[in-house]
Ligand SMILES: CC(=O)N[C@H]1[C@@H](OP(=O)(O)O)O[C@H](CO)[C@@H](O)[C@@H]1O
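The chain that follows stands alone, in the form predicted on its own, written as C-alpha cells.
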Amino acid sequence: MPCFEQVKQGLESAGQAHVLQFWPELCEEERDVFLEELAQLDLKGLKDHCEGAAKAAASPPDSLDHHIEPIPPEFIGSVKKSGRDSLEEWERRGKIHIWCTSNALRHGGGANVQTLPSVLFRYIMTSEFTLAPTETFFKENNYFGLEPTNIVMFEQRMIPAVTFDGKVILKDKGKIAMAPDGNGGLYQALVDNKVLEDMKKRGVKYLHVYCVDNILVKMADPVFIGFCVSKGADCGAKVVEKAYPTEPVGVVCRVRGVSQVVEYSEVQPQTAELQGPGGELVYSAGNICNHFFTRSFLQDVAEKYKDQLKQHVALKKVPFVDAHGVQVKPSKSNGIKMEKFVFDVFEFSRNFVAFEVVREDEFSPLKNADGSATDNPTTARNSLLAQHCRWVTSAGATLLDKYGNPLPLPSVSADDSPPAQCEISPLVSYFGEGLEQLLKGRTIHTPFVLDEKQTKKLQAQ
C-alpha cells in the first residue's frame, strides 16, 4: 500500500493539497482506492503539468503565416492526379509487402489466409474507459472472423484535468478527473505496453494507423503503402482536398522547412485563401489522421523523441465536486485537458510524404450526435451506402427503387436525400474490386445486400 504521508507531501509540493480536502469523509475502502490512484500520478511532474496547462490555455495560438509553405510536389502522391500505371504499380508493391507480412503470420501462427485485410495484425489503443467494452465487443462478435491472437489491445496513459487557474479537478470526493493523453499518447503507450517488441517479434515492418472514427477508412490500403514504400518514406499522411479555404481542419504543410500539421486557428484567413496559378488552394492538404509509419521510425520516436511532443490545449466541460462536496455538471467549459497529437511526429521524419485521396471514397468522420449538421451517424451511414451504390453502378449494374424505377448515381452531399439501401460486405469486396463479374448487366432491386450467401447465389445463375 502506498504511503499516505509521501503522497500528501507530493501533492503539497505541487500546490495541489486541495485534492485531499474530503479525505476525512471517505471510508477505509474508498481511501485505499484513492490512495492507489494518487500514487500512480507523476507527483514530481504534477506542478509543471498544472502550471503549463493554465499558461497554455491563457495564451492565444501563434500565427504561422510567415513561416509556412506547402509540401513540395515531389513528396505528394494523388489518387486523382496520378496515372493508372503509377497507381497500379503502387498497389502491386503494397500487396507484395502486405503478403510478406501475412506469410510471416502463417509460418508463425498457422492462421488461414482469407481476404486481404484479414491477414494483418491489429494493434488497438484504447483509454482506461474503453478497453473492457472494446474487448467485450470483439468477443461477442467472434472477433469478426479474425484470429484473436493477432489482435493486440492496449491502454494509453491518463492525465489529470485542470482548472483554468491550474488546480487538479476532483471528479468525486475520492477521485480525480482524468482524461486520455490524446492520440499522440500512442508513442508512450507503445513503450509502456511493450508493443514495439511484439511488432518486431511478428516481423511487422510497416504500419497503417488511423485515429478518427471514419466509416470509409481503407485500412491496409496497398496503394498508400506502396506509394510510401516506393518513395522510401519513414512517415506518410493521407490527406483530402479542403472543401473550402476556411474549413476547420488542420493542413499538412511545412513550417520553417519542417513537415507538420498546422491547425486552422494558426493561420490568418488571407493565408488560407491563397490560390495557385490554376485557382487551386495553395494550402489544400486537409489532415484526416490517417498515417503510414515504418516500425523503425516508431522505434526512433519511442527512444528519442516522444518526450519532445507538443502539448495541446482542449477546453472541456468536466464534471466536478464543489467545495461542499456537491456534484456539478457544468454548462460551459471549466477545465483543461492537455493532449498530444499523433501527427506531431512528422517533424522527426527523415523522409515525409503525403498522399491525396478522394474525400467521398475515404473520409466520412463520426464526431457529432444526430441532429448536428455534419459528421453524425446518419451522414456516416449515408456516405457508406452512397459509396456502395457507386461500386455497383461502376460494375455495370442498374439500381432500381422498390417501384422498379432506375435510381440515379447518388450524390456525395450530406444534405441530399439518403442514398439507396445498397450494401456490399467487406468479405465480398475490399474496395469495389471483383464486382463486375458478378453484377455487370444486372438490374438490382433495392434494398440490396451483397454478402457471401448472395454472392454464391449470383455465381450459380
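Start at 1 with the first residue shown and count on from there. Keep in mind the model is a prediction, meaning the values are calculated, not measured.
The same protein has a further form, the form predicted in complex with this ligand, not shown here; the description that follows concerns it.
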Worksheet item: Pick from G166, G203, P319, G250: which residue has any heavy atom within 4.5 angstroms of this ligand in the predicted complex?
Response: G250
Practice prompt. Taking 4.5 Å between heavy atoms as the contact cutoff, choose which of F297, F292, F363, W391 touches this ligand in the predicted complex.
Written response: F363
Worksheet entry | Residue contact check: R256 to this ligand in the predicted complex, 4.5 Å heavy atom | no
Discussion item. Under a 4.5 Å heavy atom criterion, is V261 part of the interface with this ligand in the predicted complex?
Written reply: yes
Item to complete: Verify the contact flag for F343: yes if a non-hydrogen atom of it lies within 4.5 Å of a non-hydrogen atom of this ligand in the predicted complex, no if not.
Response: yes
Discussion item. Given that this ligand is not shown alongside this chain, does N183 nevertheless sit within 4.5 Å of it in the predicted complex, heavy atom to heavy atom?
Written reply: yes
Worksheet, complete the sentence: Among 327 to 335, 262 to 270, 354 to 362, 193 to 201, the stretch whose residues bring a heavy atom within 4.5 Å of this ligand in the predicted complex is 262 to 270
Discussion item. With this ligand taken in the predicted complex, which residues across 204 to 228 come within 4.5 angstroms through any non-hydrogen atom?
Written reply: D213
